[in-house]
Each structure stands twice: as structure tokens, then as C-alpha cells.
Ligand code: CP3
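Taking the form predicted alone, here's one chain by itself in C-alpha cells.
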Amino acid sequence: MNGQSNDRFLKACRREPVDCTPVWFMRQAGRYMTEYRKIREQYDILTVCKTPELSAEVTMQPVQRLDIDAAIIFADILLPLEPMGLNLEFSAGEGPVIHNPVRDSIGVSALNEVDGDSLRYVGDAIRLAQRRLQEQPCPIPLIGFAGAPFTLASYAIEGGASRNYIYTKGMMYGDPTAWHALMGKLSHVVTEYLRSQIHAGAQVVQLFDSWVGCLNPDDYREYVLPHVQQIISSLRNETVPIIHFGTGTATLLELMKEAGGDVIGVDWRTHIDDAWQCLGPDVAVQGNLDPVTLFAPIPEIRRRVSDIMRRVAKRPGHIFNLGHGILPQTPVEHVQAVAKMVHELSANPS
């Protein structure tokens, strides 16, 4: 290590005072960066994810370009589905496709209940990325992550992305025994996968429930809540902060808090102060700029960033982020500008 570590992100996760608000961006490594596009010209996304040297290199790209306070390992939320027995492919222009979706109890029974060792390449990438982070003048923490059981289940059942989740909700409502068996298997795999990332050097882990906003609160409580609680409670002995994030979750925030997590991620569809009032003062909050705002002129971006900071009102435990991931055509200079704004506005509020 060449100098003092930047630990404001870890402090904010614990709701401790910080010198300025920490900032990182979901999908901060990706197609909006020319460095990443050059790698993808040579390798498909699964190859990048499964090659620790490439994953670590991509993880470091935003660290070298942006004034951010945390790195996140480059991987994909669907990786655990492969060793479970699902045939995963990333089709050009279509996104992820599962060629043998799970639609009934027989399909659920056939799934392997694997441990974290089945995704050893992610742990190897974390170790490599940590070594490179520690070589930086002011090292920042590294985040590990996994998809939450509902989001993984929706991909496994639908066979890809979905608008209406007809097959997913069909299993939930029509065969709840099969549904809970599937969620139980996924919860075990996610727990051990995150544990392996922590043991490899991840200092924070984030649980991504990208599609859970399609549920109403009653369905979340019955079909999702017990499984997320199981994951988070099982990881408590690892003593690293856990971020629990979902999109479209304005009506689910209290239940997400009940499910657990030291930090609750908030998307852009609700004001962050309203979300925090709903959640209460005993959790940290991450968010919540609309990703499309990054396409706006700089003065408009600044106005919207300032509004979020005003609403937070310097409460301890705020981590600035987008309400979801950076979009592929986003101007890099706008991402750089937001990171700078957040630090300036929180250190020297106007």
C-alpha cells in the first residue's frame, strides 16, 4: 500500500461521519468506456467474467478514470445459474438467454445446489483486483455482489428478461411448493457465492434485486422476504456491510429493510428523503440519481445532484449512486463531473 486508504465508503455503510459523501456507480465498468469496448472487441462477456485477469482489468478501468470511492468486481448476476445446470448465453442485441428454463417442480429438482467454489474464477478476480487496488496511491474498497433470488428465479423461469413475468408469477401462484424450493436453492447458492467473495477480499457485498419491483407488498412478503432474510442472516458472521438494492421498490422499502441489509439502495422513482423517512434512521441509504440524467447538460445534472444532496441534509450514512446502472451511451465526462460534484457539494455545501 502506497498511502492512506480512502475509507469514507466503508464509514458511510456504518453510518459514521465522513469528510464528504462517498460515490460510486452501478455499472461503472462497461460499454460507455472506450477501454471496455476495446476488450469486448476481442472477448465475449462470459469470457471476460471467467478470466480473472480480464475481470480485474475491467474492474480497475473506472478507478483510473473516475474520482470514485469504491470499486466493484466485474461479473454478471447470472453467473451462478450456469453451475446450477442452466444453459446461459449472451445473444447479441438480445441480452442473456437461458436455453433450458425452469418451468415446473421437475426442473427445480434437477438444479444443482452448488457452493461458492463452483465460481472460483470470481474469487480469483477479486484477489487480483485487490492487489491492484492496494497499489493505488489511496486504495479504495472493493465491492462484491450477487443477484438476489427473485431476480435470478425470474431469469431462470422466463428464459431471459421479461415485461410481465407471466411464467414467474405463474409458478409463484400456481405451484408455491416448487417456487419456494427454487428460491431455497437459489438462496443457498447466493449465500455461499457471496461468502466466497468476502473470503477472497470483498469488503462490502451488494444484493441486486433488479426485477423485484414487479411484485406488490403482499407477494414480496410471502414469496421473497423469507429467502432474502435467510441470505443476509447467514452472512452476518462475516462482519462486512451488506447493501440491499432493488428497482421499482417504492412500495417495498419497509419490507426490504425487514429482509435486512446495512444499506438500502433506492432507485430514482422516489425522493431520497421520503425513502429515508420510510426506512428510518437506523440504516444507510444509497442512491439515487436517474441514470438518464447523465445525458443532460452539465448545469441540469448539477441541479439534480444538488437536489439529492439537499434532501439528504448531511445525514450520516448516505452513499451517492445512480438509481440503477450507467447506460451504454453515457458520456464519460458527465460521470466524472457527477463524482466531482458530489464531493464538492458535500465537503463545501453552498
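Please read these numbers as outputs of a predicted model, since none were measured by experiment. A residue's number is simply how far along the shown sequence it sits, counting from 1.
Although it is not shown, the form predicted together with the named molecule is what the next lines describe.
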query: Of W276, F208, Y165, Y223, the one that lies within 4.5 Å of the named molecule in the predicted complex (heavy atoms); finding: F208
query: Proximity to the named molecule in the predicted complex, single hit among R315, R65, R302, R31 (heavy atom within 4.5 Å); finding: R31
query: Heavy atom contact within 4.5 Å of the named molecule in the predicted complex, the stretch among 74-82, 266-274, 167-175, 184-192; finding: 74-82
query: Heavy atom of each of R15, P281 and R310 within 4.5 Å of the named molecule in the predicted complex; finding: no
query: Partner contact for F145 in the predicted complex: the named molecule, 4.5 angstroms, heavy atom; finding: yes
query: Residue contact check: Y121 to the named molecule in the predicted complex, 4.5 Å heavy atom; finding: no
query: A56, heavy atom within 4.5 angstroms of the named molecule in the predicted complex; finding: no
query: Contact of H324 with the named molecule in the predicted complex (heavy atom, 4.5 Å); finding: yes
query: Sequence-ordered list of residues in 25-48 near the named molecule in the predicted complex, where near means a heavy atom within 4.5 Å; finding: M26, R27, Q28, A29, G30, R31, Y36, R40, I45
